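Given as structure tokens, the chain that follows is alone and in the form predicted alone.
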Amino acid sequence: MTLAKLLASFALVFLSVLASAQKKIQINGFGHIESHFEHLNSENITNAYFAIGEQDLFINAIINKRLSFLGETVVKFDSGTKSNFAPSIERARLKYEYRNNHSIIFGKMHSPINYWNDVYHHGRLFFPTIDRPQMFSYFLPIHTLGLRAQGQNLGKLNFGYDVQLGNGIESSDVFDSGVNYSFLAAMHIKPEYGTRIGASYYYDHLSTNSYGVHAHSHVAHNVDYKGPVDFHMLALSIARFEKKVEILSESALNITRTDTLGYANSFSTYLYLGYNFKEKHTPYIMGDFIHIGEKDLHSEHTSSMKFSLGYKYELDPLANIKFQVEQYLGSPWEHHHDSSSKTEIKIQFSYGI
């Protein structure tokens, strides 16, 4: 058999397998490209640049009536590589529905600690704003690798619960020292269509105050303190997405305890308000405040207020453009902790395939 015939035969076999699997496997890709204009007020520095955002491969597979798989791999910015980009496995989980709306989930997953982290993945196409709330950069545990019991849409209020045990903030995807699992319990109700109210509690013991792939974005992590930290977090989410009005409120209280300084309280609150008109147009406003306590040895002490005015235009269900003007007061959360304020204009094109 010639090479051409061999390749043709392989292509036919591959296409037939792919066709038979189309009903069970769904593969999507998401990404975004941005333009930034920023002025650091206290330093009188202005920067203008374009940026490639995260490129997200999203896989859903139905293995049988009870068993399914969800995978998400993202290529994102990484200053430790020559190209400044590197692939990252964000989710790889198996879900087994053992009884009506009750499931066991095993693998790497987003921690269901608040509405944003539980509902949105890395595709910015679905974000109501350009950026995540500031708490994602300071103390919110984004991922967990472990075991999770889940219930969804139970009773008249569509009650849901999640109980999760897994590798904590200091762990990697392949190892964690000692016997020290993180714990999360979350619940929510959906009293009517488009409305969800939820609360959660998270605990982890950080023996050396380090961080791994499951932690927050490490923007203000305290690298000097290497002692043990007891990490507690309480979160409250209120989301209402109607045909016209969109409301999302995310609040979190982070309580840490160390033998050195005792208890420290840090908190964050985020509020988004949007209004849809003419189907594809959504102007919005957003306020975001975070405070890291002076006694907190897990993160560096900081306070930051962020206000945004934005506009989203939907080109297609799988493509939109967002325009956002931001004003920071306090210590901005990106790479300018010594700046007292920052003004930024962002334009983001988000897409899915």
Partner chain sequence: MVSNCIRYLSLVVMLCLSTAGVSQEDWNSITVIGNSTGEKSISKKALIEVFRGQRNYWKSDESVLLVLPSDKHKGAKIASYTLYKMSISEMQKFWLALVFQGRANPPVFNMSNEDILQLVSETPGAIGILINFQGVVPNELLINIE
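Positions refer to the first chain, counted from 1. This is a predicted model, so every value here is computed, not measured.
Separately, the form predicted in complex with the partner chain exists; it is not shown, and the next lines address it.
Proximity of Gly123 to the partner chain in the predicted bound form falls within the 4.5 Å heavy atom cutoff. Heavy atoms of Ile255 never reach within 4.5 Å of the partner chain in the predicted bound form, leaving it off the interface.
Using a 4.5 angstroms threshold between heavy atoms, Glu38 stays clear of the partner chain in the predicted bound form.
Interface residue remark: Lys226 is not counted as part of the site for the partner chain in the predicted bound form, having no heavy atom within 4.5 Å. Only one of 176 to 184, 203 to 211, 236 to 244, 130 to 138 lies within 4.5 Å of the partner chain in the predicted bound form by heavy atoms, and it is 236 to 244. Although the partner chain is omitted here, in the predicted bound form all of Asn153, Tyr193 and Leu318 have a heavy atom within 4.5 Å of it. Though the partner chain is absent from this view, in the predicted bound form it lies within 4.5 Å of a heavy atom of just one residue from Thr260, Ser172, Thr81, Asn101, which is Asn101.
The partner is absent here, but in the predicted bound form a heavy atom of Leu70, alone among Ile33, Leu70, Ile285, Met305, sits within 4.5 Å of the partner chain.
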